[in-house]
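A single chain, nothing else alongside it, follows as structure tokens in the form predicted alone.
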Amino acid sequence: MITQQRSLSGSSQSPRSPSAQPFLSVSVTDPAKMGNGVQAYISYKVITKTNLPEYQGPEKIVIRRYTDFVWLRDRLFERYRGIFIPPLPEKNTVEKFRFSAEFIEMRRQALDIFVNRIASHHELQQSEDLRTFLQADEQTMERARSQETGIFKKKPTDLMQIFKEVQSKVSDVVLGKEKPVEECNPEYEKLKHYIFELEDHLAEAQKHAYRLVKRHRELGQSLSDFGKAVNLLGACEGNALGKVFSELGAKSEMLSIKLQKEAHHLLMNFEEPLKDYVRAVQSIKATIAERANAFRQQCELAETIKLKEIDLDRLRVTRSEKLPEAERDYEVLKADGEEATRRFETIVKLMNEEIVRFQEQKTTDMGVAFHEFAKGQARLANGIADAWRSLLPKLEACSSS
């Protein structure tokens, strides 16, 4: 199994050494705004370091944009049914936000996580599409994006209709509204219930994490405003009280900066990971819908085969001249049925493996996120307490004089 490595320093082995541990490390860095107006977009430098023989060399640097990441996600979803494809961050279409420094860094971090999850997945890391994404020049990448397959050959109007139908179908399957053919499996029902419940709880936690970030920022701004006002008040006083007021104002502005920094830390290391897992659960729900669709196709083909067998028996009894053609059609139908069964069984097998992997990764990631949250809050509380505590003797001296 290939392991994801973030750092190559300290290794005494050559990247191409036969005895070196196989690795594939990817970094998404250096976001840069390209173009102007409605045509403007952000490009990213994608750096790949590896010792895998199927790659062109030990290091490759390419330039990618958000639509390239979308292409990779869509290709993997189409080719790897049953595997939970890592989610992408949403596309922000609001002009004043999508080019802000904070949004760009949030997007860069999310894209880095996305591509490294693929690179560390034992199945997805072998994808030819991943190698294209990590190695192809910009012109080749653009051609790959333009070579649309399947539903993506449709006209825009047809595409919108397809997406609406798919969205409606997925919602019906997920919510249990559509029940023509249902998989009766207690473990599967338990899994679906868990996923839907997890999505609700994660979304609720993320909503409150957002409010925490907002409160930190608002309190930071209020302290900054208060600090400026107290500084002006201190300037009016020429005695010890004026000096204490000035120190109080300086402490307030210093704490304002601490709160703003902690708000950013909370956003990047707590709220964003929660939001990422909300997206991950939505990706799992898309795989659940694929499984439901595969099961339905298998059942419908099995029913059609039974009807065909009855028809064949009738033709054999009547010695119909249509029998040879009907037998050929039956063999084709039977092969389709076997393929549908294999496809469904593969999706079930992969989903069982994926949910175990997802649970293990979620435990690790959530542990890190909540540890960062608690550590940041403790650091902030200690900083605030120390700042105010240092002023107490001077304030007490003023109040007792």
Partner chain sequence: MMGFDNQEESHLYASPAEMETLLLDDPSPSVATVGGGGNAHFSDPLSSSSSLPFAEISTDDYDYPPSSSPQSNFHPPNPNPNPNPNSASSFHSILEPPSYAEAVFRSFDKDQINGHDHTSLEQPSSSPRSEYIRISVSDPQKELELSNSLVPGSNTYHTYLITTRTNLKEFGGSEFSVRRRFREVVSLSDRLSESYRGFFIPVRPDKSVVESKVMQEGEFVEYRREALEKYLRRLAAHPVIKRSEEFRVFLQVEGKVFGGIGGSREVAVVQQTVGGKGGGGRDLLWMFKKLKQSVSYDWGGTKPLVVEEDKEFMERKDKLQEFELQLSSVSQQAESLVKAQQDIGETMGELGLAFVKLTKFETEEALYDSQRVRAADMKMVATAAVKASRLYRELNAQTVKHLAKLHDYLGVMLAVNNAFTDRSNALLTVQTLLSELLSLNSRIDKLEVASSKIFGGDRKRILKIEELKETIRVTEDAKSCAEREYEQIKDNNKNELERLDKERHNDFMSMLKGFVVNQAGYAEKMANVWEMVAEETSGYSKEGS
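Positions refer to the first chain, counted from 1. A quick note: this is a predicted structure, and the numbers were derived from the prediction, not measured.
If you look for the form predicted together with the partner chain, you will not find it shown, but the lines that follow are about it.
Scanning A280, I104, V230, A292 against the partner chain in the predicted complex with a 4.5 Å heavy atom cut-off leaves one residue, V230.
None of I83, A119, A209, C299 but one reaches within 4.5 angstroms of the partner chain in the predicted complex through a heavy atom, and that residue is A209. Within 4.5 Å of some heavy atom of the partner chain in the predicted complex lies at least one heavy atom of E237. In the predicted complex, at least one heavy atom of T363 sits within 4.5 Å of the partner chain. Contact check for F373: a non-hydrogen atom falls within 4.5 Å of the partner chain in the predicted complex. The closest non-hydrogen atom of Q359 lies within 4.5 Å of the partner chain in the predicted complex. The candidate stretches are 123 to 131, 300 to 308, 68 to 76, 198 to 206, and the one lying within 4.5 Å of the partner chain in the predicted complex by heavy atoms is 198 to 206. Heavy atoms closer than or equal to 4.5 Å to the partner chain in the predicted complex belong, across 375 to 397, to the residues K375, Q377, A378, A381, N382, I384, A385, W388, R389, L391, L392, P393, L395, E396, ordered by sequence position.
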